[in-house]
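Taking the form predicted alone, here's one chain by itself in structure tokens.
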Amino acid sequence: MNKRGLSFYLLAIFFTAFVAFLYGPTLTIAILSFQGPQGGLTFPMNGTSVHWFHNLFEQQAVGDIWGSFRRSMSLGLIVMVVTVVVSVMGGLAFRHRFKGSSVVFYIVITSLIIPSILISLGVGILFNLLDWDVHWSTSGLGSQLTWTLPFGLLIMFAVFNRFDAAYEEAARDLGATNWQTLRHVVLPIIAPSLIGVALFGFTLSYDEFARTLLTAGSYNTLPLEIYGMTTSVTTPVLYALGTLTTCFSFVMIALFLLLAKLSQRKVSKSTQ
């Protein structure tokens, strides 16, 4: 049996510290959300209860929690669909080099480098100059797509770089049209990757703050609403909201991973 060296223990300590730093704040909020009815925002806890979770479903004196949640869900789903469709189209287009493809690629990637708040500011100013209404479903959608589309395109580039064109050639030899080849051969094979792109698109939109700050208009998304509540809510109901949204995020991730696993099994069976 090999004796573990000093490097192993140093890496173990570093990893433990990293996990504690990553999940410690979330765990702290989760614990404090179970404060008793007379509890405050800090330790020590004044009893334990689910009072503040019940309080979430009552009329709030400040904020529009469920309205902002519905807006974030709607915006996330729209961003997800657009990201998947455009990423697939872009990935297919870049399989064949076209004039100006390098310029288009770098323009797309540049939006990842520009600070998010500048994107939000620029989109907001543009809409004001054009005399368009700044709204989460228009300007907010546009600013978030500058964040999700580059990730989706990068994933699809990697997928199509590894894609075996022999499947398409076999389909065409059997008389399939280009559309039939795409629908019945290409899309089913890359379906697990499409689910990954969809997960990226939804989660990046759902918790995006900076790019939505100046483009949401009069109606907040959930991250903006939570930020606003931090300046006015002085009870653990804010922690209860954070705990529920965190659990919801984990549920969505688990759902997407399950769909990806089922899709991968289906592809494996069909290609055997």
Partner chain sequence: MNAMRHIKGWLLVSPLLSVLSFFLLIPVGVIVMVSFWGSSEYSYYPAFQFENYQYLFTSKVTVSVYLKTLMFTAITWFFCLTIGFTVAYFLAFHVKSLTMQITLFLLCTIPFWTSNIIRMISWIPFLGRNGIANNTLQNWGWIDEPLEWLLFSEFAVILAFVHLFCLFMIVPIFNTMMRIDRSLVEAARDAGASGYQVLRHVIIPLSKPGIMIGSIFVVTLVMGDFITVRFMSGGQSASVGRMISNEIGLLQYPAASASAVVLLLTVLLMVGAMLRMVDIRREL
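Think of the rigid core as the biggest set of C-alphas that the two forms share within 1.5 Å after superposition. Bear in mind the structure is a predicted one, so any value in this text is a computation, not a measurement. Numbering follows the first chain given and starts at 1.
The protein also exists as the form predicted in complex with the partner chain; that form is not presented, and the subsequent description refers to it.
Out of the listed residues V186, A171, I119, L194, I119 is the one that sits within 4.5 Å of the partner chain in the predicted bound form by at least one heavy atom.
Proximity of G100, L154 and L214 to the partner chain in the predicted bound form is complete: all three residues have a non-hydrogen atom within 4.5 angstroms. Put simply, S72 is far from the partner chain in the predicted bound form: not one heavy atom of it is within 4.5 Å. Of the heavy atoms in T181, none are within 4.5 Å of the partner chain in the predicted bound form.
The partner chain in the predicted bound form comes within 4.5 Å of no heavy atom belonging to T177.
Proximity of G39 to the partner chain in the predicted bound form: non-hydrogen atoms within 4.5 Å are absent; the residue sits far from the partner.
Of the residues in 12-42, those that come within 4.5 Å of the partner chain in the predicted bound form through at least one heavy atom are, in sequence order, A12, F14, F15, F18, V19, F21, L22, Y23, P25, T26, T28, I29, L32, L41, T42.
Superposition on the rigid core between the shown form and the other one places the CA atom of F21 2 Å or more away from its counterpart. After superposition on the rigid core, the Cα of A12 moves by 2 Å or more between the shown form and the other one.
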